[in-house]
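Below, in structure tokens: the form predicted alone, a single chain.
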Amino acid sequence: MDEVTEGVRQRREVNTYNLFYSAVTERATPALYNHGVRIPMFFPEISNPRTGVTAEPDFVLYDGETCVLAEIKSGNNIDGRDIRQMRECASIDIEAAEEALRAAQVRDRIGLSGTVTAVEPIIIYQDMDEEYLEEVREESTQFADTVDELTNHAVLMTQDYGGELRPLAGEFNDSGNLQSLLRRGIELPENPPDQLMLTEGMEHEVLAMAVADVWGEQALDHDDGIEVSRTEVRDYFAPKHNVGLTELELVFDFLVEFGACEQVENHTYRFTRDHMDAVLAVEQQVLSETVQDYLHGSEQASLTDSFDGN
């Protein structure tokens, strides 16, 4: 089996985010947005002060009553970390969810009250179906026990391009409108648009792809190119993503070295039409080699990581 590079893993993760996100948009059937469902929070930290537990789902779906805490996986491997994540999500009660929605100012931003009547943790795997679950359950008692433990905390769902977002195992805690929609299944588009560009971790490779996509391709529309600073890039992705300036500095070092842009002054960079060939090649480059390895070589990058970890 071919080794999956860091860049490929990050691209797959972004793709799975966009497929799930498309369930809310007009390309899905039924489009959750048309049923009053919104996504008020991306990658939040939701704490329950009574238990001291903090949950970190990828997305929150909310329709004015139900708060769905959704974790998205780009493969079909269920492991102990998944169970821990969903146990933490299941520990979030109505009061903790309402507090998180108040902090997210949902009334001001999306016009919903912030009142919660049910909290539903769900976990979604790509490329998983009923046949796979049944087959592996029969082959492995350990896998069957893992699925049972996972579904004690969350509804296990699947999604696929041109297929459905639908439940595979487990039961919703309540029977509201959002639960009914998810239980019936959502038809997903074959080619969802890239509306989300970064992973939860915002690694260098996916940051490089995002910067090249947003500012590199904008240069086509400007005779003199387009300039952007590190701070402007950080602000563009906030508040959904807390992109660090240190990470952006390394990414821009890579983009300049690769020929996708040029530095015009301290922490400000220019993309022009002359850079377009390199801009278009950024994704292919970071899918095959990490940004650190491109800049410093794999041996030096490993040495640096070793020192950084001490």
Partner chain sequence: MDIAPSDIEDKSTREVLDELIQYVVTSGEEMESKTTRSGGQTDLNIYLCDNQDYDIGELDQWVTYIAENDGITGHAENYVGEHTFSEQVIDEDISLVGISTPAKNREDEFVFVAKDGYLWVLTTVHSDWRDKTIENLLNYLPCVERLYLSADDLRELTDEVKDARVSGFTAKYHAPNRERDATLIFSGAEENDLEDAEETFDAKPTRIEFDQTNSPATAIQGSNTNEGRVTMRSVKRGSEGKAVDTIMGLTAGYQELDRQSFEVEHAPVRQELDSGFTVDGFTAVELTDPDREQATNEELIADLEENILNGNQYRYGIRDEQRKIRVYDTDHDELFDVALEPPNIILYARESTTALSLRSFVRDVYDDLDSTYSLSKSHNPVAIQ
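C-alpha atoms forming the largest set that superposes within 1.5 Å between two forms make up the rigid core. Predicted, not measured: the structure shown is a model, and the values here were computed from it. Numbering follows the first chain given and starts at 1.
Omitted here: the form predicted in complex with the partner chain. The next part is about that form.
- For a residue to qualify, one of its non-hydrogen atoms must sit within 4.5 Å of the partner chain in the predicted bound form; none of 71, 121 and 250 qualifies.
- In the predicted bound form, the partner chain stays beyond 4.5 Å of every heavy atom belonging to residue 95.
- Although the partner is absent here, residue 284 sits close enough that one of its heavy atoms falls within 4.5 Å of the partner chain in the predicted bound form.
- In the predicted bound form, the partner chain sits within 4.5 Å of a heavy atom belonging to residue 196.
- Taking the partner from elsewhere, residue 189 is found to have a heavy atom lying within 4.5 Å of the partner chain in the predicted bound form.
- Across the options 129 to 137, 75 to 83, 176 to 184, 104 to 112, residues that bring heavy atoms within 4.5 Å of the partner chain in the predicted bound form belong to 104 to 112.
- The single contact residue among 217, 227, 149, 164, judged by any heavy atom lying within 4.5 Å of the partner chain in the predicted bound form, is 217.
- With contact defined as any non-hydrogen atom lying within 4.5 angstroms of the partner chain in the predicted bound form, the contacting residues in 261 to 297 are 273, 276, 277, 280, 283, 284, 287, given in sequence order.
- The Cα shift for residue 129 between the shown form and the other one, taken after rigid core superposition, is smaller than 2 angstroms.
- Once both forms are overlaid on the rigid core, the distance between the two CA positions of residue 222 between the shown form and the other one is 2 angstroms or more.
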